[in-house]
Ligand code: HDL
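Next up: a single chain in structure tokens, the form predicted on its own.
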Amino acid sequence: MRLTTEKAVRAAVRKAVDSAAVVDMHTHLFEPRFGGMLLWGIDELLTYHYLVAEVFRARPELTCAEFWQMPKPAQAELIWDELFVKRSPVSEACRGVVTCIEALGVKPGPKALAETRKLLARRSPEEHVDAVFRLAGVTRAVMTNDPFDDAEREMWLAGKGPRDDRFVPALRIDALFGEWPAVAKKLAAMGYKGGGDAAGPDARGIFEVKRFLGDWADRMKPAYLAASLPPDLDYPESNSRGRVMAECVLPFARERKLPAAFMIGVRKLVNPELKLAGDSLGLSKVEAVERLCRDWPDVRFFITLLARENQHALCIAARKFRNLTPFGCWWFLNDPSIIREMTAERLELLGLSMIPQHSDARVLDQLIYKWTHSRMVIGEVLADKYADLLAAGWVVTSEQVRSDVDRLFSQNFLELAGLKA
């Protein structure tokens, strides 16, 4: 249907975005068969590291040791009291909890913690997965699966429980980029024995890393290889990280036609007392991304950078290299004001050839608020762009809007990752 007024255009965009089926290309969620590794529920939401960092600002006299000694329910109650009862929950992380509570059918307010606990106590993990996916409009979520994690590795090796095909594996390989002697020791403990020194693996070590990757790719059937990397990542590099990248990971990705998803810019544990809440960020080297794309034209790179100041340069790099796809508004960028800026910048420079968002959810319930909030902002930016097209004389139709929105929220990723729709 042709849309002839700006009001009609905006209504059509809003409808398309609100009803779009999302494929969430990067989360830290697990299938229910992984048991306690799947985090869900109001206490997990409240004790997530976003809110842990906030509560220490509200209670500066509270020591980290005191907080970590509390049972999780007590931590949740403290955070609720400080950030939701004594203060208005205006931060994005706090507003996200409010959005989740309301979506679950509980009236937001000071008593909502108890009411939400009561509601969820009657649910199984499987029932909650069904409810959250429906409320978030998510059809599939890509997990983060790390064979270096002892508990997770045992789950994969045991193969217990039926698979839930809504959860798509991704092979996480951060540990391979550490100092080689330590990496070699970890690999040897899993049966992959290769030599080398501080400069990196020798020929046998390279073979064993690729054998490790092959075994786990065969076992998991991942959508991509994934790694979170520090801002000082360079390419090429004359160290063990550079050798593993150039002689193991990227050749394997090319051979298996597996995309490489690199999340670059995190500075780990600048405040170790805060644990997961203690990470920060730094400016990344976009030139290194360009060199990766130039030297490995047959590898598809999904790239997200953590610093806001890197986003424009990443868009320009993507204009130069067709094997580079920017994705998502990662971590500290997942705030409405920044999502708006980044989405507009990407649309203006790259058109529809990008992936505007991923949730990065570590708690199942976060899918609700991250996609509710992101749909709202992304929809507003898209509506502005279609209104601009209409004013320029372009024929805008509801069918084309719907097709474009589906491309952004699911089809781009599915096609680039070689997954079935």
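All residue numbers are counted from 1 along the displayed sequence. Since the structure is predicted, the reported quantities are computational estimates derived from the model, not experimental observations.
This next part talks about the form predicted in complex with the ligand, which is not shown.
Here the chain stands by itself, but in the predicted complex one stretch of 373-381, 387-395, 62-70, 41-49, 41-49, has heavy atoms within 4.5 Å of the ligand. Residue-level contacts in the predicted complex: of F84, W156, W330, W216, one residue has a heavy atom within 4.5 Å of the ligand, and it is W330.
With the partner omitted here, the residue from Q75, Q311, T99, S228 that has a non-hydrogen atom within 4.5 angstroms of the ligand in the predicted complex is S228.
For R362, a non-hydrogen atom is located within 4.5 Å of the ligand in the predicted complex, even though that partner is not displayed.
At a distance threshold of 4.5 angstroms between non-hydrogen atoms, V289 is out of contact with the ligand in the predicted complex.
Under a 4.5 angstroms non-hydrogen atom cutoff, the ligand in the predicted complex has M263 among its neighbouring residues.
Although the partner is absent here, H28 is a contact residue: one of its heavy atoms lies within 4.5 angstroms of the ligand in the predicted complex. For the partner-free chain shown, just R172 of 165-180 comes within 4.5 angstroms of the ligand in the predicted complex, judged by any non-hydrogen atom.
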